[in-house]
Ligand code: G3P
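For reference, the chain that follows is the form predicted alone, supplied as structure tokens.
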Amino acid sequence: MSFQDPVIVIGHRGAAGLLPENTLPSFRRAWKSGVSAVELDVYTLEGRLLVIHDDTLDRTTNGQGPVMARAVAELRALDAGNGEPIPFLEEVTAELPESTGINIELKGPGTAAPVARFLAGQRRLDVLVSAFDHAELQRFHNLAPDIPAAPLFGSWKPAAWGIAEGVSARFINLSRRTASKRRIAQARQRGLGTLIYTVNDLAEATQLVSWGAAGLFTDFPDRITPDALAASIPD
């Protein structure tokens, strides 16, 4: 159950299709489903790393307005679903067994340095750090070159291979619409694994893995499991 798995199944924001995303019960549910790793999103505020996806509170909590406009104590008092608070990153890492991989997405501004500092004291973790903000990911890589990185792409950019090389990427994380058999093959030729998001259909997941994708992100880790993928792919 790590980024070393033959097929890497990553619980997207925990088990976002089953329980409120980016909450401790969601991460626990993903782990119990047998995922290789979980994915989460971080913002930094008052020196703390908070796990939440959006830059506003409206969709995932009972609060309103920008995340960065609130104090940490205010954010922690909000309901992020089923009475759960917005967790701190250290709460998530403490919750999961050491064998579980964690993909940390640098979501908020200025997250590279605090995430690098946090991970410096967490060498036991199997971590992958990713971002759509490739400049922020580069800053992280400069601070923590030994921690695997993966640039995220929602649409294809000709500069993608150079961006990946600049952060010594282990993986490149591609959206479903960006992934193709040819692009996955090109990544493998460059020594890169491809992780595809967000895949909630087993037939689609099977096809992507048959094309050579290293793994995928899913909201339904009860439905798309390593065992289900292995059983659906011909020998």
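A quick note: this is a predicted structure, and the numbers were derived from the prediction, not measured. Each residue number is its position in the shown sequence, starting from 1.
One more form of this protein exists, namely the form predicted in complex with the named molecule; it is left out here, but the text below deals with it.
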Candidate stretches 102-110, 118-126, 139-147, 155-163 - the one whose heavy atoms come within 4.5 Å of the named molecule in the predicted bound form: 102-110
Contact of Phe132 with the named molecule in the predicted bound form (heavy atom, 4.5 Å): yes
Contact test in the predicted bound form: Tyr197 vs the named molecule, heavy atoms, 4.5 Å: yes
Contact label in the predicted bound form: His53 to the named molecule, heavy atom within 4.5 Å: yes
Within 4.5 Å of the named molecule in the predicted bound form: residues from 198-218 (heavy atom criterion): Phe217
